[in-house]
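In structure tokens, one chain follows: the form predicted on its own.
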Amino acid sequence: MPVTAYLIRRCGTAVVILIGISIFTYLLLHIVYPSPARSVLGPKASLAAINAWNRAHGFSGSVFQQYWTYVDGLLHGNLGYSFKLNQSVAALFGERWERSAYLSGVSLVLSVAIAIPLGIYQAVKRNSVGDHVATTLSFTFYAMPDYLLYLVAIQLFAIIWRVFGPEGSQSASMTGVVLDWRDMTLPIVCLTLLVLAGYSRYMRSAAMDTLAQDYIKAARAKGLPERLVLYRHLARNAMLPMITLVGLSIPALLAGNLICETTFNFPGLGLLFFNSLQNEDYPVLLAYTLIGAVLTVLGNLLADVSLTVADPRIRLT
């Protein structure tokens, strides 16, 4: 199948999936929270005042009419309005998305950069002391609850030894956040360790499967230096499954940021979601869920396309 036709088909499928997710999420939130009138006007507001507020703000129609109004707003870049914070959801996200992207992006790059050589080393040195140590640490971090690692890191490195700050950077500008290494080291390192734990195990398994292939044996039989065998033949082919894993991890990092940002009080999208959950700010929750769905679909699409480009042997279906 030509690449263009494949992309068109996948994009069409992605649109259908996003529409289905938006309908399902909107209906669920509508059942729980049909109107923000009560929270805006107060618990003692009269029924007449609530009805008048609903008519003035578009909450008096049927759920299908309200959903269509919401979709029409999305098509025009309107993600809704937070009546709790008295600010548009788009503005709230615009103030915070760069922080979450920075935290996720740096952690993702570091995880991939460390996982690839570490996984290859473990596969080549299978059952060695280094492999056992790396495997033990990987399983420990993989099984450890996120918040536990964050709390232990804060207790040790921020409270007892006072090497780093106990919370993420509170700087108002992204330049300040990037330069504030003392406050950003713990969140980035902790999130990197959690992501790395899964990546390294996956890379180790892929490298071990690749080592058993005939072309690796043939390359060694030809007398090629071990360095060329590992980096030209082993690494290149073992990294292909990592492309899919990285693509699928993009939305997972968004969810992981929720716990990380909340624990370190880092004002990103994750902390915004947590505060909105406590305040029952459903427009923000709905927009966050939809963004997560978009990232999931785009992550899958990006992984499929990248894998196809990296390995032309894969047939587009």
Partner chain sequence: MADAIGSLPPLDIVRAPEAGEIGPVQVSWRLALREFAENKLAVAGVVVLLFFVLFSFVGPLVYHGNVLHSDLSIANSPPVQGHPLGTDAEGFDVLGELMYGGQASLEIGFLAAIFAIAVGALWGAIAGLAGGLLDGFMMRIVDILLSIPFLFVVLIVSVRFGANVLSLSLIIGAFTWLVPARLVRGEVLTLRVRDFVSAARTAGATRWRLINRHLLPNALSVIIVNVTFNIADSILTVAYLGFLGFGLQYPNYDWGDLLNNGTNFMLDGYWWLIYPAGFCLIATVMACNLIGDGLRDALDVRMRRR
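Residue numbers count along the first chain shown, from 1. If you superpose the two forms and keep the largest set of C-alpha atoms that fall within 1.5 Å, you have the rigid core. The structure presented is a predicted model; accordingly, all values stated were derived computationally and were not measured.
Another form exists, predicted together with the partner chain; not displayed. Remarks below refer to it.
Residue (of Asp146, Glu98, Asp180, Glu167) lying close to the partner chain in the model of the complex, criterion heavy atoms within 4.5 Å: The option sitting close enough to the partner is Asp146.
Tell me which of 38-46, 51-59, 64-72, 286-294 has residues with heavy atoms within 4.5 angstroms of the partner chain in the model of the complex? Only one stretch passes the 4.5 Å heavy-atom test: 286-294.
Quick check on Ser173: any heavy atom within 4.5 Å of the partner chain in the model of the complex? It does not: once the partner chain is placed as it appears in the model of the complex, Ser173 has no heavy atom within 4.5 Å of it.
Ile21: touches the partner chain in the model of the complex, heavy atom cutoff 4.5 angstroms: Yes, Ile21 lies within 4.5 Å of the partner chain in the model of the complex.
With the partner left out here, check for me: in the model of the complex, does some heavy atom of Tyr282 sit within 4.5 Å of the partner chain? Taking the distances in the model of the complex, the answer for Tyr282 is yes, it comes within 4.5 Å of the partner chain.
Given that the partner is absent here, does Thr263 sit within 4.5 Å of the partner chain in the model of the complex, heavy atoms only? It does: once the partner chain is placed as it appears in the model of the complex, Thr263 has a heavy atom within 4.5 Å of it.
Site check Leu28, Tyr142 and Phe273: each within 4.5 Å of the partner chain in the model of the complex by heavy atom: Affirmative, all three are within 4.5 Å.
Please determine whether the C-alpha atom of Tyr67 is displaced by 2 Å or more between the shown form and the other one following superposition on the rigid core. Superposed on the core, Tyr67 moves its C-alpha 2 Å or more between the shown form and the other one.
Please say whether, between the shown form and the other one, the C-alpha of Thr262 moves by 2 Å or more once the core is aligned. No; that C-alpha moves by less than 2 Å between the shown form and the other one.
Displaced residue check between the shown form and the other one: Thr289, CA, 2 Å or over, core reference: The answer is no, as the C-alpha of Thr289 shifts between the shown form and the other one by less than 2 Å after core alignment.
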